[in-house]
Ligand code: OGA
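Just one chain is shown here, as structure tokens, and it is the form predicted alone.
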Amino acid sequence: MMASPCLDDHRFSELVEALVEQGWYVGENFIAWDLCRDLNRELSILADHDALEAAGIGRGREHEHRRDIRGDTIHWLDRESEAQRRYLDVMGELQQAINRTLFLGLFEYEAHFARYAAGAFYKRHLDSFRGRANRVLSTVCYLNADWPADGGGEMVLFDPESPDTELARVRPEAGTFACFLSETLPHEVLPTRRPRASIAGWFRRNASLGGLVDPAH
């Protein structure tokens, strides 16, 4: 199995096998450290300039801000910096490689910076719902270097067949990359004790009709 030039073949094989066998993958040092550093710097600058917006839940008319459910602030990636372009190029290569291997028909990728201030969290949820799905695979790339053991902010993946069973608890350490089925895996972000930086993203199928983009964000 050959991945694209910017992806390590062994790590890519691990990711694909994990998605097939269990529907999720977590890999440390999956994204280059220098790229995580540059992205984290960019996110810090955005935060310093009040260029982040409060994240909401729901889409379209159902969109609302619920700080009791979700407390992060976000900024959508749009290739406006070299670091963003590098990251999105890597995700584009991953998309092509997954399509060649798993035939998922992934059409495009959307992503945003996510910053959790101390005390913020995101309660258990799904990224997509059965029968309405165009988000197929969810991804999270963590950007904080040297995350302390008592820093909190872990992402917890739950067994969809046994809601009280944890499948994984992911420490938000720079370079760690998580990928999982969007409409299958419930997950949450535990309260963080310090500012937490990541990029959340979704590989999507094309569900647009009549020239209207679905979903609009």
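Since this is a predicted model, take the numbers as computed values, not measurements. Position 1 is the first residue in the sequence shown; the rest follow in order.
Keep in mind that the form predicted in complex with N-oxalylglycine (OGA) is missing from the display, and what follows is about it.
K.L.:
For N-oxalylglycine (OGA), considered in the model of the complex: do all three of Phe12, Val26 and Phe30 come within 4.5 Å of it, counting heavy atoms only?
P.N.:
The answer is no: none of the three residues contacts the partner (heavy atom, 4.5 Å cut-off).
K.L.:
With the partner left out here, check for me: in the model of the complex, does some heavy atom of Glu93 sit within 4.5 Å of N-oxalylglycine (OGA)?
P.N.:
Answer no; every heavy atom of Glu93 is more than 4.5 Å from N-oxalylglycine (OGA) in the model of the complex.
K.L.:
According to a 4.5 angstroms non-hydrogen atom cut-off, is Ala111 in contact with N-oxalylglycine (OGA) in the model of the complex?
P.N.:
Taking the distances in the model of the complex, the answer for Ala111 is no, it never comes within 4.5 Å of N-oxalylglycine (OGA).
K.L.:
Does N-oxalylglycine (OGA) get within 4.5 angstroms of any non-hydrogen atom of Leu39 in the model of the complex?
P.N.:
Contact with N-oxalylglycine (OGA), no.
K.L.:
So in the model of the complex, does any heavy atom of Ala174 sit within 4.5 Å of N-oxalylglycine (OGA)?
P.N.:
No, Ala174 is distant from the partner.
K.L.:
Exactly one stretch in 143 to 151, 102 to 110, 83 to 91, 119 to 127 has heavy atoms within 4.5 Å of N-oxalylglycine (OGA) in the model of the complex; which is it?
P.N.:
The contacting stretch here is 119 to 127.
K.L.:
Taking N-oxalylglycine (OGA) in the model of the complex, which residues along 145 to 178 bring a heavy atom to within 4.5 Å of it?
P.N.:
Contacting residue: only Met155.
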